[in-house]
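Only one chain is included here, represented as structure tokens and corresponding to the form predicted alone.
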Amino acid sequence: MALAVFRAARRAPSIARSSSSLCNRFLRFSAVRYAADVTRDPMTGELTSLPDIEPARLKFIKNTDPRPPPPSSSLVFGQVFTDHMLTIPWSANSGWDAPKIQPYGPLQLDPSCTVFHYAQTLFEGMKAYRDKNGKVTMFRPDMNMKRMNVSAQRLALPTFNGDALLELIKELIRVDKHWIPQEPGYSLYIRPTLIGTQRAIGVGPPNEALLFVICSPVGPYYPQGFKPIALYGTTEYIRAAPGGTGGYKLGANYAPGVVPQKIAAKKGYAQNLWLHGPEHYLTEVGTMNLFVVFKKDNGYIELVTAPLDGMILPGVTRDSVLALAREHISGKSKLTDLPDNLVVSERPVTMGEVKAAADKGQLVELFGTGTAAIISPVDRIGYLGGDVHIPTDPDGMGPVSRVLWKELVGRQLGTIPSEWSVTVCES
């Protein structure tokens, strides 16, 4: 009910003013509900449980100088942002404060904030889609909320009610839904971020934090059709190690990859293939999860990805690929053109195994998966001074990735009915 009141207030002409009676009604309702959700000691009146994120407390400040969305054809990934953003402060003394949807703009942070000195920052990547009838959907956003909480625990940042944050993200999307391009392959990229904002020099759990969400309209990753990429098998650097933070979506995991990426580009490769240990185990490709498809001696087709051993990020697209393949194998949801003799493995794979399979003609394909690209095919890997070549079909894809990509895109856009597609609004 509270969000319904808020939406009505947002549609009214006078919503930008705090004096709006409808906005005040929303805030009064929010305060009553909020007070009922917080536990206080009956003797002292002190809080015994800190407030979690509460959608009913949402405040809205309308951007009075909105911009028209740019032409879809001009979009560059991650460089254009919508008119509004969501912010939710947190403190160790009072818990999560009132959420606020406000004009997109700079954050005011003290130079001593711990995010700047100790990389207390994590983020997620999600997408919203708008079909030709105006219906807006998201793809498996519950998984992003769960992973964000796991990352927060790893950094000693505050955790939160994922369902509550998701409802607020949906409201932000509804506010700026006209920014979502309707052309096929376009979407709204959503970036929830959590940072430590304690104003102090010193390593420890921060007593203040800020959760914010920004949105960016984006086009298809391959606007001219699939173009397989070349990888450089990186042995000089590693992305993650056992017991480290590779399995979490932390800002600190990404900046150290820039120098190895520049080295790979200088050698003529598009991305790094992160190899680990003296055995050169395949872990991830660039910022994506990695899949390899082998043809086994017994004729079976094996779809392989590295196990979630703490070094591998549990990607939403990774999980979706595995789920689709396993549902096909079990007969629960057969996918046309996907081999019936398919097996799925989450196991370690070495570059030695990949090279040997390529030499014997048993390497079917290799591809990365992630939110931005969905599926990214690979046609060669630079390894120890030579190239390992990987088959691709004329359309740039392979026989397994093509089928999985079509199914994933269909479910994301809603053209294939799926419980993974979560409705934000009908129009």
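Please read these numbers as outputs of a predicted model, since none were measured by experiment. All residue numbers are counted from 1 along the displayed sequence.
There is also a form predicted in complex with another copy of the chain; it is not shown, and the following applies to it.
Stretch-level contact check against another copy of the chain in the model of the complex with heavy atoms at 4.5 Å: of 173 to 181, 318 to 326, 132 to 140, 150 to 158, the positive one is 150 to 158. The partner is absent here, but in the model of the complex a heavy atom of R191, alone among R191, K100, H280, K355, sits within 4.5 Å of another copy of the chain.
Taking L342, L166, I214, V304 one by one, only a single residue has any non-hydrogen atom within 4.5 Å of another copy of the chain in the model of the complex, and it is I214. Looking at another copy of the chain in the model of the complex, residues R347, W405 and I416 place no heavy atom within 4.5 Å of it.
Taking the partner from elsewhere, Q120 is found to have a heavy atom lying within 4.5 Å of another copy of the chain in the model of the complex. When contacts are judged by a 4.5 Å heavy atom cut-off, P242 counts as touching another copy of the chain in the model of the complex. Interface residue remark: M85 is counted as part of the site for another copy of the chain in the model of the complex, having a heavy atom within 4.5 Å.
Among residues of the shown chain, V292 is not one whose heavy atoms approach another copy of the chain to within 4.5 Å in the model of the complex. Contact annotation for 90 to 109: residues with any non-hydrogen atom within 4.5 angstroms of another copy of the chain in the model of the complex are Y104, G105, P106, L107, Q108, L109, listed in sequence order.
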